[in-house]
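The chain below stands alone, shown as structure tokens; this is the form predicted alone.
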Amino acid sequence: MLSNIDETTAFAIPPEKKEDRYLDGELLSRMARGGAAELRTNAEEVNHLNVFPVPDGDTGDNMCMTIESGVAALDKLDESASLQETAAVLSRGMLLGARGNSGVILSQFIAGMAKGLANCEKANARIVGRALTEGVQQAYASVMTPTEGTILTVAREAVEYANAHLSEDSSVNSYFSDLVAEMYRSLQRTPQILDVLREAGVVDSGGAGLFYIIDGFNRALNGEEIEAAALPQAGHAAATVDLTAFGPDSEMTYGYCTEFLLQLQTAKVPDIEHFDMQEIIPYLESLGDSLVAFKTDSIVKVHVHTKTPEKVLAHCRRFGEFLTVKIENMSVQHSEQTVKNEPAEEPGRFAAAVPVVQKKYAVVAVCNGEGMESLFREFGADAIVNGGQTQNPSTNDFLEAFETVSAEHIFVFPNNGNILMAARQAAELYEKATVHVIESRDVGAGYVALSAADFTLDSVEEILDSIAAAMAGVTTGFVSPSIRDAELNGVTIHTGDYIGFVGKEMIASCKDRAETARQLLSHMLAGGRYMLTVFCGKDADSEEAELLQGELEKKHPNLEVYFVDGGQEIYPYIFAVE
């Protein structure tokens, strides 16, 4: 439960604060920044509100990155921007940056709010109430099968309560005070609605993330300066350059990895909405390779490997001004990667270049771990989006990956239930191909489905049917360390135990990892199966894996068993049985 907030005092309007009768663009921008800061400060608490005691809680981080993408988009706005424009820019930034199911639902909630504020220079409490009602409706519509006791319930109940308490004297301040107070109470009720939350002893993590955002909105509205916790630094440390890798007598062999965001300017491009990317792409293709270039609203993103980055920049500046620019010497990168025995630099979070000729079908798959990536490529993935538990890719990551494959139909394998919604959102936004998002909720289902897919067929429906049939016959189990005590499905779990589970069903918990794996496999193989694939993770032990393989071959002589060095994070073992 959220226990660090005093409900009796946290949501009142400070008496010394003059109440705002209207919400305008500047105030919404300030509130959004407050919401992002408040959630960032409490993100780790939200991460830990995980039903399963597995070190993969990432709801807080996903929702943080989603709203922070919106706030980053606001940085480009003039302070005098209207409420309508501010809401639209915030919404677009969040839609592109949305990660995880809760992040996508949050982005849809804000998108609905933005629609409700269309044509508004400013809004009173009643207009804000109607806009948030539209936000609730759009959030519910974004989920195929809405579940009560989640972020959806918390948003709906809070908005209904605040709207019911509107009066002629209501201000924006009094409205948000009512909103956040009921949001807190609704969040505390989520375990009464969802048995799995009650059993785990937690409130809904997505609802908690939304509460902190709206609490930050409210605090900023009331004049508080909210200082966010420092952003995580993993993976973002400043790069150090090996000065010996490229000296006075070195020859430029690999060129420069050149990436930038270009803001199209009306002074240079009068009709930005209909700007043709062919003004850029053919010229850049003549200067280099590994080209990724696409336009989102008035922003153009470019990635290219070239020996003449100055020509790339000069050409593109004819159409706008740069928001960000990154140029890296790939000869230095190649030297460093050779020492590390790793692949050379890859464009973005995925690995694929733009094919010259469009083909009928292409595959984009999500996975993490070198072994996993190699396996999915072997079975036909054209582009890999690096991601999984604790590393959920954003809507924009998928859009970038779609740009690197040239096909009439793109099949997307999210391979994680918490990534499905971001993939679907990207599919709806992408217009250059028909995108089919496969319902692969774990890597085992995705692996089996992709290996069974026949892309020589002319009928898309036949391909989708064969994929669905293959996934229906696979069960995936996971072994993971536990991060807290719990009692789930009658299984007693202690911190530090290894747990084995299938879907949302807890199967085993032991101090010994190999014994947990044995008990989980015994459960999964009961009733007879013909094939087992074992993905050994980054933390797996090779001797232990060999022992398990020998035991399986003796106990199940008719079972085909394959051990794969997946290299995945979090899970020492993932089992896929068919």
Partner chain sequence: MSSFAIFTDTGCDIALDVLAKWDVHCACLSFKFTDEDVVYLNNEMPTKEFYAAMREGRQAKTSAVNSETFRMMFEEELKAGKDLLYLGLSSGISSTYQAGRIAAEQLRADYPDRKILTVDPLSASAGLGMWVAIAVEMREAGKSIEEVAQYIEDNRLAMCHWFTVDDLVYLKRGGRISPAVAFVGGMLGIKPVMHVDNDGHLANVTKVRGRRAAIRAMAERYAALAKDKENGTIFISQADCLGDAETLVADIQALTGRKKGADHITDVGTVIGSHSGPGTLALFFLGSER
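Positions refer to the first chain, counted from 1. In this text the structure is predicted, and so the values were computed from the model without any measurement.
There is another form of the same protein, the form predicted together with its partner chain; it is not shown, and what comes next is about it.
Interface residue remark: residue 447 is counted as part of the site for its partner chain in the predicted complex, having a heavy atom within 4.5 Å. Proximity of residue 452 to its partner chain in the predicted complex falls within the 4.5 Å heavy atom cutoff.
Contact check for residue 485: no non-hydrogen atom falls within 4.5 Å of its partner chain in the predicted complex.
Looking at residue 547, you'd find every heavy atom of it more than 4.5 angstroms from its partner chain in the predicted complex. Just one listed stretch, out of 372 to 380, 106 to 114, 150 to 158, 404 to 412, contacts its partner chain in the predicted complex at the 4.5 Å heavy atom level, and that stretch is 372 to 380. This chain is displayed alone, yet in the predicted complex one of 29, 533, 59, 509 has a heavy atom within 4.5 Å of its partner chain; that residue is 533. Contact annotation for 545 to 578: residues with any non-hydrogen atom within 4.5 angstroms of its partner chain in the predicted complex are 560, 562, 564, 578, listed in sequence order.
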